[in-house]
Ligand code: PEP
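Below you'll find only one chain, the form predicted on its own, shown as C-alpha cells.
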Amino acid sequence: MKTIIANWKMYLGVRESVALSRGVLRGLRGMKTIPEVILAPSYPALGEVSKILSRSRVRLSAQNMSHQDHGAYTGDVSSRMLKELGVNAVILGHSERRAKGMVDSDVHLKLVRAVAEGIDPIVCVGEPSATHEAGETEGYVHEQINTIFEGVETNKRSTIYVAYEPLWAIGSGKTPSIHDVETVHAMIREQLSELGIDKVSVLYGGSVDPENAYEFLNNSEVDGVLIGGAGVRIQKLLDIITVASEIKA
C-alpha cells in the first residue's frame, strides 16, 4: 500500500481545510483499494479537521512540533497538545522550516520526542542545488540521516516515514530522475536498517503532481509521496490518490 501525504502548508484556513477534508473522504468512497492518506493542515485547522477524519481511515498530521514537552516557549506547540487534537503523525525538518533556521540536530530532538509520544514522524531530508550539481547528494543525505537518527530507539507501534525532498525541487516544477530517486531511497533504507530501524516508509517529495505521480509511485523503492501545492486542490489530490490506489505495492 502506497502512502500519500498532503502538506497544506499555510494555504488554507479552517473552513477551507474542513471543506477539503470532506472532499477527500467523498472521493475515497468509490475506491476499491485505498492507499494510506495523511492530511497535514495548519495548526488552527487541526481540531476541526480531526472531527471530520475521526471515523475514517485518513490520518491527521501536524506540520511541525516542539521538542519540548511543556514550558515557556511562546509560539511553540507540544506533542501533548497535538495528541489531544487527534494528531498521530508530524512533519519534521521540512525544507521550508530549515530555511528559517532549523538544522538536523533540531530535527533529531523533535524525532526523539515524537517517537516517545507515539506520534509517527515524517522526517524530511534532501540536498540543496549546489550539492546536487556537484554530484554529492548521497553523501549529504547520508550525513543528515546519521545526525537525525543517531541513538534513536523506535518501538513496534511506530512507523518512521522519511521523505526525500531535494531542496532545489520544492515548488520549482523540477524533479530528479527516477533513477536518482531510486538510488537515494535505497541508500536511505539501507542506512536506517544498519541503524536498527527497519519499519520505515521512504517517500519522495518535490513538485509532485498528477502528471508525474505515476512514475514515482510505480517504483518499488518509492513507498509514497509527500505533496504540497497539488495537495490543496481537491481534483489534483484525488487524481494522485487514484494513481496510488491502482498500483500494487
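For every residue, the number given is its place in the sequence shown, counted from 1. Computed from a predicted structure; not experimentally measured.
As for the form predicted together with the ligand, it is not shown, yet the points below apply to it.
Colleague: Just checking whether Asn7 would be counted as a contact of the ligand in the predicted bound form - the rule being heavy atoms within 4.5 angstroms.
Modeller: Output for Asn7 is yes: heavy atoms within 4.5 Å of the ligand.
Colleague: Heavy atoms within 4.5 Å of the ligand in the predicted bound form: does Val24 have any?
Modeller: Residue-level check for Val24: no, no contact with the ligand.
Colleague: Would you check, heavy atoms only and a 4.5 Å threshold, whether Glu165 touches the ligand in the predicted bound form?
Modeller: Yes.
Colleague: Taking the shortest heavy atom distance, is Gly205 within 4.5 Å of the ligand in the predicted bound form?
Modeller: Yes, Gly205 sits close enough to the ligand in the predicted bound form that at least one of its heavy atoms falls within 4.5 Å.
Colleague: Looking at heavy atoms inside 4.5 Å, which stretch does the ligand contact in the predicted bound form, given the options 67-75, 137-145, 108-116, 88-96?
Modeller: It is 88-96 that comes within 4.5 Å of the partner.
Colleague: Looking at Ile160, Ile178, Met102, Ile170 here, can you tell me which has any non-hydrogen atom within 4.5 angstroms of the ligand in the predicted bound form?
Modeller: Checked against the cut-off, the match is Ile170.
Colleague: Between 103-134 and the ligand in the predicted bound form, list the residues on our side with a heavy atom within 4.5 Å.
Modeller: Nothing in this stretch is in contact.
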